[in-house]
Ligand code: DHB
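Just one chain follows, in the form predicted on its own, and it is written as structure tokens.
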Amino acid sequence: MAKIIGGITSSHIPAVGNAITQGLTQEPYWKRFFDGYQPAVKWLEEAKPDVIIVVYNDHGLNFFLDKIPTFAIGCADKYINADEGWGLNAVGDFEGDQAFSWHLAESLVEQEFDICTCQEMKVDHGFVNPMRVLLEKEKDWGVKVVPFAVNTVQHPVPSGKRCLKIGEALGKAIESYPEDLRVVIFGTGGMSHQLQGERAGLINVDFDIETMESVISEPEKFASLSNAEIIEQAGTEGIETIMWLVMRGALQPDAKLIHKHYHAPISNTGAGVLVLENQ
């Protein structure tokens, strides 16, 4: 049977990809941010997953404002990183696992989650940057992937409670797969940041740290907040952190904290890394 090894949270801001490409990871501005990932990188190397499910939000590459599914899952055998206008260099293609993806989609629908299935899907920085920083590769990734897109762009967006519930359903779907697979889930996005308006540049360190603690041991607490309450505290783009709840819902309630790191500011964003391991 498939087994969920654990989950990792990560920022996915475009500047991370440019810092890697330009060799800036050990420059003073970036060093603490990237150093904070090293325990997660090491854990992932030792975990040796067969598949990584990346929970992220599409930034207009597949879905634009006229048509955005609330939840979408990739069911392709290959995913290409395409240009999205941030000056980011494209990286190598990602190998999918169609049979596993279709099993997840069918199981989620059986559990009464109406999910969009994508037999063709390009991946943007929201998906790619966590893969780059955590696997420290640009191609030949050595692991298969499943993109899991959540709408955090065009309102109405799903609630934290809904994300936690679909994460629980995703966990059941994974563990009902009959083949032996080791699965890790990335919850990406966030933390507090706002890119426009009078509050542009907002970072709420206290709320970010409280959110991290809640995701670790009391995800229902964070999930109980309305989207308006999260945006008030974390900014319009801070709503992305609800995607961490998809990852957390899929894990065991008593998942063990392996690593925790927070850094701000980085490209006008609060950035948190968590590694949680199933027991």
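All values reported here derive from a predicted model rather than from experimental measurement. Sequential numbering from 1, following the sequence displayed.
What comes next is about the form predicted together with the ligand, which is not displayed.
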| property | result |
| --- | --- |
| Stretch from 143 to 151, 71 to 79, 97 to 105, 193 to 201 whose residues place a heavy atom within 4.5 Å of the ligand in the model of the complex | 193 to 201 |
| Partner proximity in the model of the complex: residue 25 to the ligand, non-hydrogen atom cutoff 4.5 Å | no |
| Partner contact for residue 9 in the model of the complex: the ligand, 4.5 angstroms, heavy atom | no |
| Residue 19: touches the ligand in the model of the complex, heavy atom cutoff 4.5 angstroms | no |
| Residue contact check: residue 266 to the ligand in the model of the complex, 4.5 Å heavy atom | yes |
| Sequence-ordered residues of 1 to 28 touching the ligand in the model of the complex, heavy atom within 4.5 Å | 12, 13, 14 |
